[in-house]
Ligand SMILES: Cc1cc2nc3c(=O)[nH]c(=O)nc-3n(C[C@H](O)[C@H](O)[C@H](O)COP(=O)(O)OP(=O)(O)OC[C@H]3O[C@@H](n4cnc5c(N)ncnc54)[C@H](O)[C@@H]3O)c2cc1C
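Given as C-alpha cells, the chain that follows is alone and in the form predicted alone.
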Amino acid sequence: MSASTASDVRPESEPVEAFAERARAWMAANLPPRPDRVPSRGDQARRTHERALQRLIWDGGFAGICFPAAFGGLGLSAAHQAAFTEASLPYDMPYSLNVPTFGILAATLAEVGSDAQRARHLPAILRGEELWVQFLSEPTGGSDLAGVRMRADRDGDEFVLNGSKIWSSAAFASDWAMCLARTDWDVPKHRGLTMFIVKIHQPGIRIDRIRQVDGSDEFCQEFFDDVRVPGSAVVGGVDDGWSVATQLLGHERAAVGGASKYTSGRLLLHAEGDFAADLVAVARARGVDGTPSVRSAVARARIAETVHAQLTGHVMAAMIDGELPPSAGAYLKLSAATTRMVHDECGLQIAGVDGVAWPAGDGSAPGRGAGEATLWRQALSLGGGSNEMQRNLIAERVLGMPREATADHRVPYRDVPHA
C-alpha cells in the first residue's frame, strides 16, 4: 500500500468531476479492496487498521472533504463528498470512524465548537488520531434525553462531574466524548444543561462493558466520580447544552440515515442493492433461490432499500437547499430503522433453520449472518432516538403539529419527581 499523495493542490473551487477523477486515481494506487464481509465494530485490530486507513486518506489530501479548510478539512461541497464516496465503493474505508466520530461529534464540533476547540481536535480527528463518542443517555433516562441527572458543579474555573452515562458505543476504545450534564437545577430541564468535551481515559472515569445477547460487548456504561474539566471544555455556552444536543442529534439522524456530508465510504445499510444481494447469496447457498416465498422475500427487501435510497436522496437535497429543516433528518433515521427491520425479517425467513443454529466456529455457514442480525433487529429502532421519538419529531418540527402535553413542562427540574 503506497502512501504517496495524489496532489498537494486543494483548490476550493475544483470542479466535482475533476476532483472525482483525481480521487479515483489516488484510490487505485493506494487503497486496499473492500472486504467481503462487513467489518465487526467490536474488532480492536480492525479499529486500529481503520485509524491507519484514515491517516492514509489524510496524507493523500482527501480527509474531511466538507470540514472547514481552516481546521484541517478541504472546505468542499456535499457534491464533492458524494463523488468521493461513490468512487470509494470498490475499496476498503474506515467505516466505523464515520459514526459517531465524523458524522456526529466532529460535525457538531465544526459547527458550534470554539476556534480553540476546533483547532485542537478537528485535525487530529481527520488524521485518525482521535475517536469520539457521545455521553448522552443515562440509566434512568430512557428516551427522555433532557432528563439528565449527571451533575456538573462549578468550582472556580472548573466543573466537577458526577453521575453515570450508558449505551455508549465503543467508549472503551474511544479517546474523547461530548458529555451532557446538568449545571442548573432551578430552571426547566431543557434550560439547565451544558455540553462538555471530556477526555475519556482519566482518573475518576470507570468504563464497564455491557455484554449483549449475541456475546458482543461494544456498549458501555461510564461512571464519573469527581471528574474535573476546565471551563474551556464547554461546547457552546453554559446552560445552553440543549441547543448543542439538538444540533448533535440532527447530525446523528443524518449520519444513521445515510445523508451526512461529513462521512466517507458507504455503510452496507446505505448501499442500494447490498441487502438484496446478501439475501440472494444466502438463498443460493441453501438451494432455495427458486422457491416463490424466498423470491418474494428478496423482492420485499429490495423494494424497501430502493425506497430508502430514493428517500435519502430527496430529503438530503431538500435539506441542503433549505426546503426542509434539519429536523427532517428524522425521516431518514426512521426509514433506515424500518428498512433494516424488513431486511432482518426477510433474512431470517430465507435462512430458515440455518439462521437458528450453525456449526461452532463456522463463520461462512449459510444463514449465520441472518441469525446474528436478528438478535440486533431492534437496535437501529432504539439507538439515536426510538422510532416513536422520530415520529414525534416529524409531527412537531416538520409538519408543525402541536406538542404533546407533559407534566414537567416549565417546572424547575429539582421539583420534578425522579425514578
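So that there is no doubt, residue numbering starts at 1 and follows the sequence shown. These numbers were taken from a predicted model, which means no experiment stands behind them.
One more form of this protein should be noted, the form predicted together with the ligand, which is absent from this view; the next part is about it.
Task: Among the candidates 168, 96, 108, 81, the residue which, in the predicted complex, approaches the ligand to within 4.5 Å (heavy atoms) - done: Of 168, 96, 108, 81, the residue with a heavy atom within 4.5 Å of the ligand in the predicted complex is 168.
TODO: Find the only residue in 197, 297, 133, 122 having a heavy atom within 4.5 Å of the ligand in the predicted complex.
DONE: The option sitting close enough to the partner is 133.
TODO: Determine whether any heavy atom of residue 59 comes within 4.5 Å of a heavy atom of the ligand in the predicted complex, and answer yes or no.
DONE: Judged by the heavy-atom cut-off of 4.5 Å, residue 59 is well away from the ligand in the predicted complex.
Open item on the list: Would you classify residue 386 as touching the ligand in the predicted complex, given a 4.5 Å non-hydrogen atom cut-off?
Closed with: Yes, residue 386 lies within 4.5 Å of the ligand in the predicted complex.
- [ ] Could you confirm whether residue 141 comes within 4.5 Å of the ligand in the predicted complex, counting heavy atoms only?
- [x] Flag for residue 141 set to yes.
TODO: May I ask you to check whether residue 379 falls inside a 4.5 Å heavy atom distance of the ligand in the predicted complex?
DONE: Result yes; residue 379 sits at the interface with the ligand in the predicted complex.
Task: Partner-facing stretch of 230 to 238, 133 to 141, 148 to 156, 337 to 345, counted where any non-hydrogen atom is within 4.5 angstroms of the ligand in the predicted complex - done: Single hit among the candidates: 133 to 141.
- [ ] Indicate whether the candidate residues 219, 392 and 404 are all in contact with the ligand in the predicted complex, with contact defined as any heavy atom within 4.5 Å.
- [x] Contact check passed for all of 219, 392 and 404.
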